[in-house]
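Here you'll find one protein chain in two forms, each presented separately as structure tokens under the names structure 1 and structure 2.
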Structure 1
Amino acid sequence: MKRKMLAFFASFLNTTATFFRKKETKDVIWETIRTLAMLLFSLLCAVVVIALASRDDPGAVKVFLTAPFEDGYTVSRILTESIPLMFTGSAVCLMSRAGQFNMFVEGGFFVGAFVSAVLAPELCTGTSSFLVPVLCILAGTVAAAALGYIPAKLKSGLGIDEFVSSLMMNYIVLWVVLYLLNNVWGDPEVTNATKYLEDFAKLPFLSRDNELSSGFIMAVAVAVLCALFLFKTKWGYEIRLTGNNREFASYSGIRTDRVVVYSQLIGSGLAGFGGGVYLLGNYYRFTWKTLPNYGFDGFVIAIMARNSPILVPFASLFLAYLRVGAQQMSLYTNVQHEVIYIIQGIIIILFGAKFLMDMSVKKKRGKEMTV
């Protein structure tokens, strides 16, 4: 068994190394450098905003920048905060690469967490087994993918805009889950909560003292696997070609309707997988009464990562660092943590402007080639 595990990890590392050695990935490396430069510029803008908001408290900027690294617990909070962002960011990247603006990442994350929390107490038998959380997370993944199939099929079959249908699906899922939570699968002894999750029904901790779950490793692995899937498989090539030019992809023999469906199916499933991992790694009950907004945050991450899954961990850690810094700043200074939303808006404007400039350059080059 140990030899098989070692062989698997060796194969995984070798495949990843091969991916980065290819000439094709030089563009990805260059994009990484450009993205990091833009993130640093965004951080500078954040410092300026905080400096303007804290004229009566000049130490706010220092707290914002350094407090997230003051001890092991705050560092683990950055890593923990980045877990859902990596999952939802990877899911959005996959769907966006296919040209699909699907908002069900939010609902998928919510459903995956709920299904995992409901099944875990029922499956555990009082003994520790890694199969319990694995099966629960997989069930949440399947549930999210099944629901995500609805807007995907509506788009491919009837031409209904996936943005509208998936956005509506989020709130349908929200109210159905809340009904089930209050009337069917809730804990009768606790209001608006599922049954208590024992440690053996949860994912193991990487650091119990700092409350960091193994979900962080899983989130990074998912981002890497998504990159390999997009750039090293036939299905990934079909997704990228369909997103770049659906008409050309169709003429090339690609069944673009099928690509539209399975790209959204995989993205929704990834979101549900992330919801299950995050809940079973960091919570003891499902108590969410509203959508947690991690799916919407996934679009921010995808914008920062320029729809490249390999950049998702960097973008997620950066945004998590900003959020933990803002939380610490609100504890020690008179600047409220809501300032982070101003910073997020600046980041979206910066990266959105860069995206529009790149699109403009591509169109100009295309016109020059046709002349």
Structure 2
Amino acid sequence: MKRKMLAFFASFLNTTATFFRKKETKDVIWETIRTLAMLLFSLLCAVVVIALASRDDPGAVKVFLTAPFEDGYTVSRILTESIPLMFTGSAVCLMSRAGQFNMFVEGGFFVGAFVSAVLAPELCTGTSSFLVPVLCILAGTVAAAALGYIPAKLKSGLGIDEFVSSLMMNYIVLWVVLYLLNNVWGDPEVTNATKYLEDFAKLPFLSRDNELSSGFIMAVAVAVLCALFLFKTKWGYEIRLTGNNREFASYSGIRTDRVVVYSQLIGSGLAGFGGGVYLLGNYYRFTWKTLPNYGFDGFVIAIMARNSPILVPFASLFLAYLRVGAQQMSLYTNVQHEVIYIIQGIIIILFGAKFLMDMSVKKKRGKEMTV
């Protein structure tokens, strides 16, 4: 018996050892360690920045770090905060895999939320079906995708840099929505708001007490579906190939101009979808006066997730944790939650740094090939 166990133990050790000796495994382990180290470092940066900002408030750091886990409600805040991040993060992943840097995720999210909020009261007259939120969100998705088509087509047809054009689109969309909100479709009683949403127009709660909407499940599902789309389907394959080497893709017969367009269409649509889900899940009416900045956040998420949608939920939860920490902190102390943007900037640079990548991967990959 003892010997049997020993033998089993030995074989177990052996398989584990070979598993760890395999190159791929080693890479994954390295990558994980490196990622964790960078997360820790960014957390450290956050602590330092906050400590500096709150010299007269010694408790701020503690509030920042622990308040998100205070009770069920704050934990649910983290989950809620992560919803828009997951949507825009997945959207950015898809587009940057195709080599497209379309900032319309920002505008798309905004439009998706607006359209859903405007449509809901209209549809509610007469029906009270569960179809109302579905249709509203669908409309938001379509509207965002349609607008996202503009920078996409400008890129594929005329070669106009999608980054600048989509930024301009964002500002245009912002002001047009504000116009519509105040002059056409808003609640005439107040400025800058739509009518209140009926209860059945809203998405069901997962936990009513903690105000956690079912949008969270959808957001996770979207990230998983994006991963499947990217790595299992032919369209995903086309996106990856086009993003990596467009010339090779078109030589292989892939119509890359189409890929450029549909990757951005899907991305913008996802952003709009996210906007709709977030609004119908977590708000009572649409009252945004500025762009919510979730588009740029999407870039932070995508970079942390290394453009892999499957990692998007994790990255989103981490960022959401920082956010909630910062919000709680600005509630209890004098430090403003905007400091979190400083941390986000640092995170992007850290995760994007090839320098650090080279350090940990060390000398595995030679930069040069002999001629």
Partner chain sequence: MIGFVFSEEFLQRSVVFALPILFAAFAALISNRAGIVNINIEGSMSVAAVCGTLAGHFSGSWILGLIVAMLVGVGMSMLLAGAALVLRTDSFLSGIALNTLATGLSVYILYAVLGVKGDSSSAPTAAIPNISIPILRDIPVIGKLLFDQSLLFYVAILCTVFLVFLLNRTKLGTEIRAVGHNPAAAESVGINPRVVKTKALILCGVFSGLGGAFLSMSYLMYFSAGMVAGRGFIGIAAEAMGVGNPVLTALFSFLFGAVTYFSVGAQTVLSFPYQILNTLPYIMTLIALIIYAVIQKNKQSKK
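Whichever C-alpha set is largest while still superposing within 1.5 Å between the two forms counts as the rigid core. Residue indices: 1-based, along structure 1. What you see is a predicted model; the values in this text were computed from it and never measured.
- Message: Given these two structures of one chain, say which is the form predicted in complex with the partner chain.
- Response: Of the two, structure 2 is the form predicted in complex with the partner chain.
- Message: Aligning on the core only, does the CA of A302 end up 2 angstroms or more away between structures 1 and 2?
- Response: Stays below the 2 Å threshold, so no.
- Indicate whether L319 shows a C-alpha shift of 2 Å or more between structures 1 and 2, with the rigid core used for the fit. Not so; L319 is displaced by less than 2 Å.
- Query: Following alignment on the rigid core, what Cα displacement (Å) is computed for T333 between structures 1 and 2?
  - Reply: Here T333 registers a C-alpha shift of 4.4 Å.
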